[in-house]
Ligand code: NAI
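The form predicted on its own is given below as one chain in structure tokens.
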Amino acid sequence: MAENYDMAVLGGGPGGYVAALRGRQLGLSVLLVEKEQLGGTCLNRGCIPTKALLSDVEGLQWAIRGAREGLLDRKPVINFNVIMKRKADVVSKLVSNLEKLLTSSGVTLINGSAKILEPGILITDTGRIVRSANIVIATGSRSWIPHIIGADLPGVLTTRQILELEKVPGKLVIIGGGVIGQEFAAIFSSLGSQVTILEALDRILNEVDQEIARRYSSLLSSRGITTEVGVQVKGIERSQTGLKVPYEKGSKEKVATADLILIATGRRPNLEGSGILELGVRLNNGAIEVDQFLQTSVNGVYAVGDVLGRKMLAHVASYHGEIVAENIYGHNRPCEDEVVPGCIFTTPQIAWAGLTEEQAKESGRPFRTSSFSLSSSGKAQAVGEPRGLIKLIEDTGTGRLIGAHFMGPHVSELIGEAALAIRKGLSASDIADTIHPHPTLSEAMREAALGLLDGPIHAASRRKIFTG
């Protein structure tokens, strides 16, 4: 006899497990199916393990600076195995806690895979038949490997494999200069690797405001990171000492040598195996198409997170998970994911929300920008990280903030205020009239807002106006 649930969720990542937990809060009976580890890519192979490594790298950088300035009597020695073990311990503890939370909340867990036979009916890989009035597809995404000759050679790694290394590579080539590539470059360059980034586009971090990306790029060479943009990778080959990557830049043929190569060219929705292709769910460019309530073209089948091909971020998936559970319960809550904060956990960090300056220009609207350098921030100077800026973009027609772009220490902790301001249509005056604590980095956002008014207090005004 088949089991019956109000909601069955395929995938236990940040979209799926949040949907399950929210569903239980609302009193729904919930089944969650996950074929690997609970927490998905983010917890096991992405957000959390990389942030654990980056946290240790940040501590290492402080120690190196301390030795250079005489605060410490010797340069620190890295124990890579300990760093990797701490990363694994952090992940293991969080996965265990998540499993306990789900089970204590009353979510039924299946460790395996399941396929949709028809709307309302699933079959697991063990032949178990499950009926559910509503099904949520939260199967996430997978690494996208472009067609590169030699990409299957030993030593050519995905982001999953590089997190299991046992020693630091002497030379690391990263194919892809986006967010993922930059974070791994920051990790391994700090650990002593000579890193080369190969990017097909004409600049790194294409999704980031161009001014911020340019400033960050200017810092890379001092960290032993070589960046080549506008390149065409010809293939990957063995060499006498390891691997090599022939590539073309302009009319020149070049070669990058490596002990290991990381392919970090992005991710694609993971649609195989769930039965949605056979079910006839409408797709758009390889991603699942949904309405404003996150329901697919098949009644009773919903989708959240990376499978939608929108902003592939854990916090977006979790937001979707909450909404879809509430809609299954009957709240009819529309999804509003236009304003999404993004973060890159490099050193310095990068964070943004809303429109970039380039997107504002493309929109044709009149706008102006204000930038405040962190060299004028007392807190940034005190912590020894004055390289960076806070940049705000205002629609001069409405007086509302439409973009915020930060580079500096721990700016990922500041971008939430900017995202809220943009989403709620607040003005520069709303920010400037709010007292910010001193000494903090958050004061820099207020100074940038003052730059859109009469000018900042602690620096000369730096403002640009675009009339459309």
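In this text, residue numbers run from 1 along the sequence as written. Bear in mind that the values here come from a model prediction, so they are computed numbers and not experimental data.
In what follows, reference is made to the form predicted together with this ligand, a form of this protein that is not presented.
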### Segment assignment from 376-384, 283-291, 329-337, 144-152: heavy atom within 4.5 Å of this ligand in the predicted bound form
144-152
### Task
Decide yes or no: are 10, 18 and 112 jointly within 4.5 Å of this ligand in the predicted bound form, with each residue judged by its heavy atoms?
no
### Message
If we define contact as a non-hydrogen atom of the residue within 4.5 angstroms of the partner, is residue 76 a contact of this ligand in the predicted bound form?
### Response
no
### Message
I'd like to know if residue 319 sits close to this ligand in the predicted bound form, meaning any non-hydrogen atom pair within 4.5 angstroms.
### Response
no
### Query
With the cut-off set at 4.5 Å between non-hydrogen atoms, does residue 178 touch this ligand in the predicted bound form?
yes
### Query
Do residue 265 and this ligand come within 4.5 Å of each other in the predicted bound form, heavy atoms counted?
yes
#### Entry: The unique member of 198, 212, 107, 122 whose heavy atoms fall within 4.5 Å of this ligand in the predicted bound form
198
### Query
Of the options 301, 98, 313, 279, which one has a non-hydrogen atom that comes within 4.5 Å of this ligand in the predicted bound form?
313
### Task
Heavy atoms within 4.5 Å of this ligand in the predicted bound form is the criterion; list the residues of 315-337 that meet it.
none
